[in-house]
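Listed next as structure tokens is one chain, alone, in the form predicted alone.
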């Protein structure tokens, strides 16, 4: 592997405290090394003078693989008619799709923006082999997946029984068996409630057939994540997503951290796509933003982080989630296309295409919520900008979203086009906060790396880090992104150069080489004393609940392209 010397770049590397300093960076054997370890006369020298240099971007929440994503492609043929980009072998494969791109476009579009690691945030255990098959085919970026356990019958049985140690052991087995990275809760308890009653459920409602509530699920799963010492503890999609008044449920969910014993210094809960759960009002006509209240709660609770699910106005989307009750409601609001499914023993899913309109009262309120939370919190280490791709907008519009965070002028320009009645009920027009490029590097690089527990070798440009580097043709000493935000958007949509694992994969916004990244998964240890009890429990429950055998459920490491195991010493007591 060749040596690379990047000279004179304007570097933003928050994990190492570097804020716009002009520095040289050396790369050797896929890692960032000390400058003394390479030979400048034989290394490939890249002159990055007047250009922004950052670590590769990290997206902590984007639906890029799995059964629901594939169904989304099938139900959106109009998504593909005019988006085809023929293959150009051996450089890249054919690309197609806008809101639900094919696997090749996903990897290439992320790489073009300078992103090098993306997490698929919701995969049912029984369907995770499909998820890995798609992850294997996504080029360039590293990947990981979060496992859905919110309505898992075996887990609910263990919570009802009060078997905390066995619950943690079962979740450890699930993560290892499915080669996934962390635990995901979607509208906890909703699937079993949906199956039995055809309705959703709020955080303190009783779950039919179980003597527990969603609050109990969150608390017990949160404690299990502490026992397992997961790098990313618990990723949660709050109950009542998409319903007016749900901001109160989100605040109650965030407050559950007080009931979860903390056994490590990492955040207890990560609330995802908070825009969808930040609604005030008792109906759509009285909808208002709950952003101010959520930001206040976040500031008061240091053990919670969140991502935005920021709406992109004027863009089509394809909503997809394990929150089947919400998709049922959305279908009846849109009356266009709808797919709903129930995954045996584990979860549900729904898919509904949608378009966010600038003049819509509801859509404008949705647009302001995420921005208000980010700007009012003003803590880039705890607020991650995402669109919950493809739910609130395609990930390729991230640079546009970033412009609203770094430029008040960009927000004001769009505010001229949105529903003015909705704006009058929002605090966004009065907010003057503008994030900096350093803040952006925190939100899109350093903070996600820390939240995933990968900060030793991801999200920074220090010695020993993976050589995942993005260079943007933007000189912040000459261009003020807050004023000339169009130039910022243009440069961040297509990076000038991207290095992945020490290989140059993008030049001037174009793919020049296809490589395949790693897939990270967690391997928590299970005490020997509990393994026998767990095996007996699994043998009984698989025979009772599942239509498949336990052996066919297990995913072997050889089924993953470039797997990386993260061993975990747990605190489970035998």
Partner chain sequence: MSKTELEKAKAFVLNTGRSLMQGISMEEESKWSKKYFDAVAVVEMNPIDISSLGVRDRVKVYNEHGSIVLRVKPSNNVPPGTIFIPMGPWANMLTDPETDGTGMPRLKGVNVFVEPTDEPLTKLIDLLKALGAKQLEVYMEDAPLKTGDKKVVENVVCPFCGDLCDHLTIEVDGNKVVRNIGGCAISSAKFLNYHRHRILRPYIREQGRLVEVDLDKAIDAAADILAESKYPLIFGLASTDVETNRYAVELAELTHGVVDNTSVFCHGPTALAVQEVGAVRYTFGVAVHLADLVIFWGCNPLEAHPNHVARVVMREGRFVRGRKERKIVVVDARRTPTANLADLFIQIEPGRDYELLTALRMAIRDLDIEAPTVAGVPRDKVVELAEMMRTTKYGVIFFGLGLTMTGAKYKNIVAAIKLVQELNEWTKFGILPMRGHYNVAGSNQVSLWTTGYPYAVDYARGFPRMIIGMTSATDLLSNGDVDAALIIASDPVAHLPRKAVEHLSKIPVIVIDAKWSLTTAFADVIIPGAYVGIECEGSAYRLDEVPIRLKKVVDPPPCILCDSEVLRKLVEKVKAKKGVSS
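Numbering follows the first chain given and starts at 1. Small disclaimer: the values here were computed from a predicted structure and weren't measured.
The discussion below concerns the form predicted in complex with its partner chain, not included here.
- Stretch 538 to 546 is the contacting one of 28 to 36, 525 to 533, 46 to 54, 538 to 546, since its residues have non-hydrogen atoms within 4.5 Å of its partner chain in the model of the complex.
- Shown without its partner, this chain lists 414, 75, 431, 166 as candidates; in the model of the complex, only 75 has a non-hydrogen atom within 4.5 angstroms of its partner chain.
- Interface residue among 457, 328, 284, 438 relative to its partner chain in the model of the complex, by the heavy atom within 4.5 Å criterion: 328.
- Although the partner is absent here, residue 87 lies within 4.5 Å of its partner chain in the model of the complex, judged by heavy atoms.
- Although the partner is absent here, residue 93 lies within 4.5 Å of its partner chain in the model of the complex, judged by heavy atoms.
- In the model of the complex, at least one heavy atom of residue 126 sits within 4.5 Å of its partner chain.
- Contact between residue 134 and its partner chain in the model of the complex is found at the 4.5 Å heavy atom cutoff.
- Taking its partner chain as it sits in the model of the complex, the stretch 328 to 358 comes within 4.5 angstroms of it through a non-hydrogen atom at 328, 331, 332, 336, 337, 338, 339, 340, 341, 342, 343, 344.
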